[in-house]
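In the structure tokens that follow, a single protein chain appears in two forms: structure 1, then structure 2.
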Structure 1
């Protein structure tokens, strides 16, 4: 009875029938109370977004997987101390459960409790255990402590992956053998070469034992669910959608008979940002590197196979399921587009889905050969494709792979696969690391070297957009983001930055369209409301904008940019206290969010607290040393502190940093005026006039300088030009007053 119930529950989970799963599981726990079953129940709750239930039932659990799930629930409920205690209890003899995933979760906990060093340590551990745990690398980049991608995603990592795959392959073979895909197996075997069949069978035998062992293993299905939870957590991170998807590493499936590098990776397909529950079941992260964790892996695969079974039952083609399971070329076969054996060879890494609906293969088909595991858009596309087409294609592939197959499980194939994945990851990792360090040009250079099919994906394109945004090249950023929208219209990753780009470009039509689309796509994503807020802010309706940004904060309080935008709106409404609070909240989430440092600097500048202002601008400058805007404001603050020479030096750097930025030149002129170097100032302004001929304040300042030099004609001319360029009402008044006073030089000048 226990076995039936457990299987039923897992089945339901695979099909997302959560209520039934929970109900059945509760009966199971009532009948056979045990930690294993509690784990299963917790999994059901977590899948159904009921972390508090999981929290309650797992209190005091001891098994590794239980502790992991408990920590996950605590994390979701923001009980970070308990989460930490569960994962690494004071008696340090117990190791972190779940290997890489456990370390990753610990890293997140440490990050959000402000213990940066420990967080970095754990993320590094996680990456060492599972080099394909991209989100750990992302977090390291965000913390500013990532090593170069070439060091992380290197040969050692390759070996790691291969080991993982080996285990999975054996396991999946066993799964196959264990009867679910009986007919599939036979049909498949028909086609496959003798060698592979034999191999499969032998491996299968071994696997069967393992799987049976796993059946009872404590680290069972909940593992999957556990990993499911993680993508859940990835949502809060700034790279929300992306991390979520990347967080779910599909169980690698080894294909023996595949001529190509197998590195099959099953993805949890529909990792749509809000459906955190779904993805995990089938494609939990691959966290199991160690031999000792083989059982866990197997268990997971077992659940996957169960899934597959249900898939079959649901009417999918038998072969399809089989192909998922079969080691002999499943991996490639999943990529539906590989109809030709030759094509198979070229595929290095393949993302797979076990479950129906996980049409990763479809994605493969679309995108071509290489699938980057962490490709956001790919997963999304996969999810949307029907499995039917996959099935048929898989069938063909199966046949092909079988016939083509090199029978033996060749390590070289895994090697190839692993290294190909890693090569992609190296690019992406490097690009991301560089853009986190604000070295945007370098990051762009790295991204451009990606193969075309990877470049044209939502994630990469929005990273490119972000890089241009930081370089204040809003037109290019707009272009990149538009392409990203075309590539993955459902993805919200980076769309908050896109809305800011449109805000800067004053494209109110595009911005309102974007905002509406985003809200329609996902009302619960912070990015949608950020875009909406930007829309209102552009129309100067700061109160409504603030409301929208606050909504965004409510949806995800770990989304630093929402806090910063709230801060900007508070400042526009002249509410400096709340502005400061918002900026501080942003910095608590991400202390390298230089926009918040900048915002604080601006507030203090306004309040004339120049030393504070200088400090904050300097912090921003340290984080982003290439931004000419920050440099020019730092210079302004120094000027206000009367440190004119330092100010001038900073302005020079700003001018060099970005030739297109006119502000440092203008500020330089200002500083020169206050240093009584009127001629120098005039020279600078003449140069500036060439560059920005329509800027009223340039002429106004020149007029003022000429007035001080008593060159009244020139002053008059420039004031006139300034007025022609329609300055603001205050300035009109000031300039007109100045003109009046031109002919009364001994009168005291008040506002000039």
Structure 2
């Protein structure tokens, strides 16, 4: 009963019938309460997204797998302290439960509790145990501690994969083969169990073994004997009818029985006749049925049964040489046998050929007679046991041959497969690692070298889009994300970034369509509500946008980018206090999320807390040293702190990082003006006019420079051009004030 219920539960889990699995597993635990069955019940609840139920069931469990499931339920419920206690070994000799998966979960716990070094250690341990645990390498990349992919996914990893997965596959294969051999041996033993009633016939030139029932009549069931699978056959005899009609047992038949021989291998090797058991002089022929009919029946029976067996072996040989081992998604290993055809063929030929190449079937078909000899039951049983021992040895030899052939072929296939997998992972790992280090151009160079079938997948195209986004190339990012949507319309990977790309491109129609599409695809995904929030933010409805971003945080509190977007909306609403809280929440999830450091720097810059602003911009700069925007604002903070030389150097680096970005050129001009280098400032602004011809602040700054040089006409011209470009209300007021004081000297203007 317990086995039936447990298998029913596992079958329901395989088919995702979670409600029935929970119900049947409760019956199982009621009948057979044990920690193993409770573990199965907790698994049902976890797969049904009911972590709180699994938590209550497994609380206080001691089995390693139970502790892992308990820690997983605690992690999903955000009870990280209890999860860590369940996974952490009590002493140095105890291992983390569940191997690589346990180390990975423990690494996540340490990461979210801000213990970076411990998290890195456990992620490395997980990769060492299972090189195919890609998410562990992803986490190392996010933490900025990943080694080069060529060092992680190397030959050592290939050997680890072969050892791990080949062992599982060969174990499954051996279990299947041993089951088949057991079936053959069982059927053989079943056929020879009634040794006292089996009688053997022996003659020098040919033998025929007929199994009979207790009355001496032929048995109605064919018996399978020997590893070659040669079936015994029965022919109808009138003696059976006579016995049944008269009720008197017939006289004993004359027999000349010999089994398959005391040593078949030696018999075939020397190809010479061997003395049979109890050789006797043949007696007179007694024909019970017509000899011609008997020959036809015998030939038909031998032909049919022999062909079925040989065809099955031939089919297995053909199929198995082209099959390979595979592991299914639910973790169950499936194996196919790699059987050597020569071994089986030789065994089969030995079974069918008896002496001097003379076929057993032909002998029996031609004879169709019984020879009467006197023999006792002991010799009959001994001969039968000898036959069984020979067949057992043949079965063992076949098993060894099949196992060695399977192991050799499996090792070769697994070696090639592991090398191919690791080759792909090296490309993907290098690309992702470089992206996390903000080396986006290098990452794109790696991704482009991927095979086309892997490049045109949703995950890779999303990573390409993110790389272009970090490079502030929004048009290329839009193209990459569009291709990702075509390749995987069901995937939401990177769609939060895509919505921000459309926000910067001011593509309100595309952004609105994307947001509605994502919500329709998955209303419980944080990316969907990030897209919806960006859509409202583009329409300047910051309050509604904030509600959507908060919904995203509610769905996944560990989604750092949603916290950052909440902070941006708080800043737009001039709510700096809550904005700081949101940015801090993002950094608690991911300390290398440079967008949050940048947001905090902007808040402190607007509050004129320049030292705090410089600190946070520097933190963002350490994480992303190639961002022109971050360098520009860091230079601005340095300029506000009167560190003009450092500020000017930072602006130069920002200009080199992105020549299309007008911000560092404008800030450089401001710094040169403060350093009284007016000619240099004008030269920079003239260059900037080519990149940003419609930027009013450029013309306003040029007007102030011309005013300081007492070139009032040019100053008035540029102030007018700045007003024509419709600046913000604050800038309009500043420009009009400058026009009113156009003829007032700067010294007097400062005093006023």
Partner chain sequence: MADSSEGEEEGKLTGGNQELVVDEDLQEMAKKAAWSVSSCKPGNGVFSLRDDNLETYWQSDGAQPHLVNIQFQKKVKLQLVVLYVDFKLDESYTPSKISIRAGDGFHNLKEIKTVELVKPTGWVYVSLSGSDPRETFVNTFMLQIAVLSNHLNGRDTHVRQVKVYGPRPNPIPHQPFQFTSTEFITYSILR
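Positions refer to the first chain, counted from 1. Predicted, not measured: the structure shown is a model, and the values here were computed from it. Only the largest set of C-alpha atoms that superpose within 1.5 Å between the two forms is called the rigid core.
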{"property": "Identity of the form predicted on its own among structures 1 and 2", "result": "2"}
{"property": "Core-aligned C-alpha movement of residue 738 between the two structures reaching 2 Å", "result": "yes"}
{"property": "After fitting the core, residue 724 CA displacement of 2 Å or more between the two structures", "result": "yes"}
